[in-house]
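There is one chain below, alone, in structure tokens, taken in the form predicted alone.
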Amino acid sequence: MPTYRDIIRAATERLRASHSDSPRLDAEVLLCHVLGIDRTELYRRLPLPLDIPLDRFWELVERRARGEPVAYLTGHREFYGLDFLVTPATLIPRPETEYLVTWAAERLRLRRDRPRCVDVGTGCGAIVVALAVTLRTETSALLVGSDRSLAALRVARINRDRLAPGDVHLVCGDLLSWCRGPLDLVVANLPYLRWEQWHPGIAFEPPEALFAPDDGFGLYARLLPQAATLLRPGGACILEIDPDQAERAMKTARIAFPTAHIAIEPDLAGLARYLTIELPAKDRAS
């Protein structure tokens, strides 16, 4: 009778043959998901015989071998130390996006009154919900997640209710066209890829959450002037961008925010990933 270790080894070999980037980890996560155990318990059981039907596990292994993301197979993705529900209706949160939460939380802590923050294009709600959990005992910030996709907002609502009930408002709307302001902070990880950047690794994610017109910068080209009319003096904005868009992002931001401090910050790989905008306290954006 095969042991847990034997099953993991066989699944790892199947996924390695399909060119998975992390075949052993994928196999372990999928087996834990099917069995309802964590990886600590899995390691404890490795030498033990596994004598239950594993049809569901092998089905998931084959789907993973065809390229389907593990997050969609399990329905979960960890982000900022929190367990988020994800579905094919939303983008899978990436580790580099966690910096937006850290940066935004630092700025919101500096506001004495009840600051207002909007996470534009919230998707599964990862950024705004992580902000709510992080700041729960530190500030009374008004946190809003907006998206034009009702399907994505349904997922965000589940995550909000699971992780930060009562702390996040959700709005269906296009960028900031629905918002009257004033705002203290705008956070956004909008679609920014060009169609020629498509690759099999993103084949299962919704195209509307990945690609944008005008060489990938079309949504940000619309968002920045909107944000400029809504941010208070002393307000701030952080956007995750394609590194190839850094020069254009800087130029567009300088036009929309002529008095602001504007910078491009790198991600952990050293790529130009984040556009940050900080308004002076006494000058209103124009």
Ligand SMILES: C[S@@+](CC[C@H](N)C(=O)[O-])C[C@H]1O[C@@H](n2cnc3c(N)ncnc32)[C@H](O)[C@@H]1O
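What you are looking at is a predicted structure, and each value in this text was computed from that prediction instead of being measured. Don't overthink the numbering: it's just position in the shown sequence, from 1.
This next part talks about the form predicted in complex with the ligand, which is not shown.
Taken together, the three residues P23, L60 and P69 lack any non-hydrogen atom within 4.5 angstroms of the ligand in the predicted bound form. Among residues of the shown chain, G216 is not one whose heavy atoms approach the ligand to within 4.5 Å in the predicted bound form. The ligand in the predicted bound form is not approached by A164, whose heavy atoms all lie more than 4.5 angstroms from it. When contacts are judged by a 4.5 Å heavy atom cut-off, N189 counts as touching the ligand in the predicted bound form.
Shown alone here, R136 lies farther than 4.5 Å from the ligand in the predicted bound form, counting heavy atoms only.
Residue L175 is the only one of L73, L108, L175, V144 with a heavy atom lying within 4.5 Å of the ligand in the predicted bound form. Look at 136 to 144, 109 to 117, 166 to 174, 195 to 203: in the predicted bound form, residues with non-hydrogen atoms within 4.5 angstroms of the ligand sit in 166 to 174. In the predicted bound form, the ligand lies beyond 4.5 angstroms of every heavy atom of every residue of 22 to 36.
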